[in-house]
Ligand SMILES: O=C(O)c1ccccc1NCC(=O)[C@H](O)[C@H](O)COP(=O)(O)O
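In the block that follows, a single chain appears as structure tokens, in the form predicted alone.
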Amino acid sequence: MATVLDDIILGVREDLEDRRRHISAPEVARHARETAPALDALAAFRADGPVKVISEVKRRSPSKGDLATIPDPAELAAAYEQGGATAISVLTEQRRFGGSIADLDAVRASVRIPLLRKDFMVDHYQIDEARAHGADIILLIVAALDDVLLRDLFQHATELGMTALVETHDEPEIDRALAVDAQLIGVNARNLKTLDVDRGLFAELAPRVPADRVRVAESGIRNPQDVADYVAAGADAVLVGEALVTGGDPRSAVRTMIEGSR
């Protein structure tokens, strides 16, 4: 029986083939190589100070449906940066999340901090695309990749000077992330196969991630107390989407998340 993740990946591959017909893989790869060097996201996450917040430009989700219209993603991202975000995450998956590469372009033009292309990466083409459009970080979801493809995509991103946020959901996936020497490791409280959220999952899994890695708590963050709880459990960074796009004042919301973690 197909899971939610299976369905998403199927759509991602179909949309990828459409884009490949319009712009060839060699052309995208050339643009990726010619783009200005990626920002050092790991240095930003490892800098001294309070918890690092990855603030997300997110219109929709499979679990909640429409969240926010976001007519101007550049304006939203600029507000996040002003609020103290360490990085901006931009959903580019179209079918389930309502995102696009155009959103990535708009955000890249408006902020100077590291930019994460958040999508379901299954091919070099997507990573080249991300770099060509100014992304510094890409997401690799362990649950969506076998060991060979995980390592291959991780190495390709590294060769382009990018940082990979390697997302996990259980102990075996953390072991797989460590096997490719991931430095930025996320624990997603949302099960991508069922969409259920377990806010206690990060506290269970964080001890398996070495202290010299950057530990990112993803999903289930509703307020500053949730951020504080994740920090107490060992999070160096948190990825927040829904709570920021629905809060009405994104700049203050980011600042409140950071201050509340203290």
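Just so we're clear, the structure is a prediction, and the values are computed from it rather than from any experiment. Numbering starts at 1 and follows the sequence shown.
Omitted from view is the form predicted in complex with the named molecule, to which the following refers.
Q: Can residue 91 be called a contact residue for the named molecule in the model of the complex at 4.5 Å between heavy atoms?
A: Within the cut-off, so yes.
Q: Although the partner isn't part of this model, could you tell me whether residue 62 comes within 4.5 Å of the named molecule in the model of the complex, counting any heavy atom of the residue?
A: Within the cut-off, so yes.
Q: Give a yes/no on whether residue 176 approaches the named molecule to within 4.5 Å in the model of the complex, heavy atoms considered.
A: Answer no; every heavy atom of residue 176 is more than 4.5 Å from the named molecule in the model of the complex.
Q: According to a 4.5 angstroms non-hydrogen atom cut-off, is residue 226 in contact with the named molecule in the model of the complex?
A: No, residue 226 is distant from the partner.
Q: Pick the stretch from 176 to 184, 143 to 151, 117 to 125, 71 to 79 whose residues have a heavy atom within 4.5 Å of the named molecule in the model of the complex.
A: Every other range fails; the passing one is 117 to 125.
Q: When the named molecule is placed as it is in the model of the complex, are 8, 195 and 242 each within 4.5 Å of it, taking any non-hydrogen atom of the residue?
A: Yes, each of 8, 195 and 242 comes within 4.5 Å of the named molecule in the model of the complex.
Q: If we check the named molecule in the model of the complex, which of the residues in 169 to 192 reach within 4.5 angstroms of it by a non-hydrogen atom?
A: Result: 188, 190, 192.
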